[in-house]
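Next up: just one chain, as structure tokens, the form predicted alone.
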Amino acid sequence: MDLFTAISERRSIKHFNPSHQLNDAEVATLFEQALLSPTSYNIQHWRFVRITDNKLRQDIRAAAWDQAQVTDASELVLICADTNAWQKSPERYWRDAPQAAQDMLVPMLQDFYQGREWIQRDEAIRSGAMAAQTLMLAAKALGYDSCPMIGFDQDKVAELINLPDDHILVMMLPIGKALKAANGRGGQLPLQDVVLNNGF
């Protein structure tokens, strides 16, 4: 499937085939593609929690107001992000770069994030969201569908997965085979309402 088709056909699916499973190669492909997503200073804030335990899936479904896609989809991925990734051995993000680049970028990223908690959080969310979009498009390219979700009790789900204090939940992403197509699009805003030239 070409990229433009994947973008146009990607929809948020609510009804998944509960008997379908992705194979190991397909799961590996999804995450390998997600790791190619852009991220500030190559920090790679994202952490993907794959929920494979059926009881845990049921508990998460209960914390997501009993939405069926949580348990029915082949895969359930919680996209999390480490807000303090910028200060955890930052030299590892540039270990394959030339020494001159390492010497410049590692201190630069530390200076950029130090003492700016709002940037640390915002950047973690941005990185997680870009990785989520990559996962959704990769899933579509493989013939699967997905459903990005924020409709769940974040505190309860964080507790269920033992989310570290310096991590945040960006979104939940069920992936699998659609049983039912999405409803028609609700209405996209016209380009002239959203594309501005040189400011507002």
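Numbers for residues come from their place in the sequence shown, where the first is 1. Keep in mind the model is a prediction, meaning the values are calculated, not measured.
Beyond what is shown, the protein has a form predicted in complex with a small molecule; the following relates to that form.
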- Task: Mind telling me which stretch in 161-169, 44-52, 66-74, 27-35 gets its heavy atoms within 4.5 Å of the small molecule in the predicted complex?
- Result: 66-74
- residue 143, heavy atom within 4.5 angstroms of the small molecule in the predicted complex: no
- Message: Residue-level question: is residue 60 within 4.5 Å of the small molecule in the predicted complex, judged on heavy atoms?
- Response: no
- Item | Partner contact for residue 14 in the predicted complex: the small molecule, 4.5 angstroms, heavy atom | yes
- Message: Considering non-hydrogen atoms and a 4.5 Å limit, does the small molecule approach residue 177 in the predicted complex?
- Response: no
